[in-house]
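First, one chain by itself in structure tokens, the form predicted on its own.
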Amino acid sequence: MKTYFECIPCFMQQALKAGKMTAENDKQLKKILDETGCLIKSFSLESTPAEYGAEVYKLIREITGVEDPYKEIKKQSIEDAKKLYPELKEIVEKSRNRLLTAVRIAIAGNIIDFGVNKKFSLKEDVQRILTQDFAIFDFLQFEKALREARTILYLGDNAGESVFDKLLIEEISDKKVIYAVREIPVINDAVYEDAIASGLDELAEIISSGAKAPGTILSQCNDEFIEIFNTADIVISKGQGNYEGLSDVKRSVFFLLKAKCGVIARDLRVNENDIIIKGINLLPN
């Protein structure tokens, strides 16, 4: 997915938000914004927003020396999601279609995103998504692919959302599941310790993709990840950042996400706040 003009003020908003959390004083915050502006001048619209997000957060780390501005927020997000877990697990167990309900819940977790300039109510949004119609619904293809698969690569997105991912992975735990996280902290995306805190090590092998961006950029990923990405029977990609980086790849991928911004919605040809399960490069039935 390319970068749209509307992404540019979003980069500045993210720099301002992270800068306020990490800058020692107004002078340092001004430097973050000035240098982010200079950085944006060099951006080409042909690259993905996730690639530029990596550059913005690298700049913030270099100026402030703070590696993980969202560390405490991520910790709280995981704790909040864990409190909901027993109720959500019961919903899955009582549902007519456990897999579909677990997919809905995994997508509901995608609202936990501090890179998007929106407020959310975790419990209310989960309840809404449990009954919301899908704008893109490739579920039957997803279900069939899962039945035939032996290995699944699951691309994580945000911390806290990772607890919701656990509910879906529990429904496919008869397969070998590999859960990929970011190499280093960027926004509130999950890294290795966040996946452990979410309990995902009980169900899946956790690896780093090598990505230092708020999304999966294959050219920046490590060799281990690339090998698994190319050979896994299914790739499940969660969230907007992973969609930004992988929407044009040549292999089959299933994207599970909520379109939380107008740019993503436009690229997917859906409405903002729609929920999506979209497969690309699928083999014909």
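All residue numbers are counted from 1 along the displayed sequence. Quick caveat, the model's predicted, so the values are computed rather than measured.
This next part talks about the form predicted together with another copy of the chain, which is not shown.
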- Whether Asp26, Cys38 and Leu45 all lie within 4.5 angstroms of another copy of the chain in the predicted complex by heavy atom: yes
- Would Asp248 show up as a contact with another copy of the chain in the predicted complex if we use heavy atoms at 4.5 Å? no
- Classify Tyr243 as contacting or not contacting another copy of the chain in the predicted complex by the rule of any non-hydrogen atom within 4.5 angstroms, answering yes or no. no
- Does at least one non-hydrogen atom of Glu227 fall within 4.5 angstroms of another copy of the chain in the predicted complex? no
- Message: Taking another copy of the chain as it sits in the predicted complex, is Lys58 near enough to touch it, meaning that at least one heavy atom pair lies within 4.5 angstroms?
- Response: no
- Message: Please identify, from 27-35, 249-257, 60-68, 228-236, the stretch that has a heavy atom within 4.5 Å of another copy of the chain in the predicted complex.
- Response: 27-35
- Who in 13-29 is close to another copy of the chain in the predicted complex, meaning a heavy atom within 4.5 Å? Gln13, Leu16, Lys20, Asp26, Leu29
